[in-house]
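In structure tokens, one chain follows: the form predicted alone.
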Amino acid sequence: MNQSIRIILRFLLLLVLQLLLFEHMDLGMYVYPMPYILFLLLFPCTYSAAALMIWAFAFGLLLDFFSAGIMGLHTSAFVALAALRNGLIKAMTLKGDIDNLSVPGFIQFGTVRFVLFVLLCTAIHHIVYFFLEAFTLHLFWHTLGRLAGSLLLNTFLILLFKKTFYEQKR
């Protein structure tokens, strides 16, 4: 299947899943499922940061528009992640390995490096999201608790989805 069609289908699938399923899950005050971060993580390593930021802006804008949250939260966090993703990939790979990589994954990065990559990407997204949502340091510990709980859940969900649906069998 053409790469552009796959990206559009993944865009629509993850957007619909987030809006219809994960937005309506009530898991408590400190856990907010946002596995849509996987959308950016599944782009090829050689994709430009500008193109990633355009995709992230479109995804975040639609998510903000159709969800009941504060307008711009998902968009700003997702665009920030898109801007830093390629730098993280370069930092996580050895020199010259990036040319041989297609899409970040367990096989391409190795399990430990890929888990660290997902954890860092999710942390970047969540730091921007939760601190913009709070927009104050008065609730710092509460915000940090929400960030930590959601970080653990979403890292687990992203790794689970990647391993289950997107990883090639050996």
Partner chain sequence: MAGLPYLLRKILVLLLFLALQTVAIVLMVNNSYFQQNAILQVVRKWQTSAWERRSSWIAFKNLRTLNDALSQENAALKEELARLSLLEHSLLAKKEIPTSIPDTFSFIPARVIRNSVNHRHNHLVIDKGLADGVRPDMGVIGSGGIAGVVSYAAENHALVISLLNTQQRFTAEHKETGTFGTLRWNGVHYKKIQLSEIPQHTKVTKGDTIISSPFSLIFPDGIPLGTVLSQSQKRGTSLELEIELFLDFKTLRYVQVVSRVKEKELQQIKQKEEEAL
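If you're wondering where the values come from, they're calculated on a predicted model, not measured in any experiment. Positions refer to the first chain, counted from 1.
In what follows, reference is made to the form predicted together with the partner chain, a form of this protein that is not presented.
- In summary, the region of this chain contacting the partner chain in the predicted bound form, judged by heavy atoms within 4.5 Å and restricted to 35-43, 48-56, 104-112, 119-127, corresponds to 48-56.
- Although the partner is absent from this view, residue 91 stays clear of the partner chain in the predicted bound form, with no non-hydrogen atom inside 4.5 angstroms.
- Taking the partner from elsewhere, residue 10 is found to have every heavy atom lying beyond 4.5 Å of the partner chain in the predicted bound form.
- The shortest heavy atom separation between residue 25 and the partner chain in the predicted bound form is within 4.5 Å.
- For residue 146, a non-hydrogen atom is located within 4.5 Å of the partner chain in the predicted bound form, even though that partner is not displayed.
- Of all the residues from 130-162, those having a non-hydrogen atom no more than 4.5 Å from the partner chain in the predicted bound form are 132, 133, 134, 139, 142, 143, 146.
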